[in-house]
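Coming up is one lone chain in structure tokens, specifically the form predicted alone.
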């Protein structure tokens, strides 16, 4: 279990696996979207599904273990910003893959995990064109997936800034305990 002085190896491992995975997925997602580079979508979806299962383990662990206890008392505003940022990160990492799967699955593209079809695509046999299974929900998934990307970038930036502030300005153990020291 976590203490104010030290995080458990599981907390540290889940944090860094999710953090690095989500940052990489955001980078790939923005690259694909900006450059309309479609060959990466199958990889993006495959890793997104895998990350989703790790995210579920992290959420389970957070519920079981509780929220991290601050290493010391902080001003109320700073504590509130940290709480909101942590909630946005947890909820965002759950909703990001769900919205992506909603967008892809109901948009008719299907969901493949390294070539294995979890949800089959929906192609019109006469035209060969992909057709949505439910256009409205697919659009909701697309909108949510896109905007959550921006929200997560802001939350990750705040989280990093807070960690560096704790380390360099406050000179406390906040960052060190997430590094396992």
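Residue numbers count along the first chain shown, from 1. Please read these numbers as outputs of a predicted model, since none were measured by experiment.
Omitted from view is the form predicted together with a small molecule, to which the following refers.
- Not displayed here, the small molecule is kept clear of residue 132 by more than 4.5 Å at the level of heavy atoms in the predicted complex.
- With a 4.5 Å cutoff on heavy atoms, residue 107 does not count as touching the small molecule in the predicted complex; it lies far away.
- Contact between residue 19 and the small molecule in the predicted complex is found at the 4.5 Å heavy atom cutoff.
- Contact between residue 138 and the small molecule in the predicted complex is not found at the 4.5 Å heavy atom cutoff.
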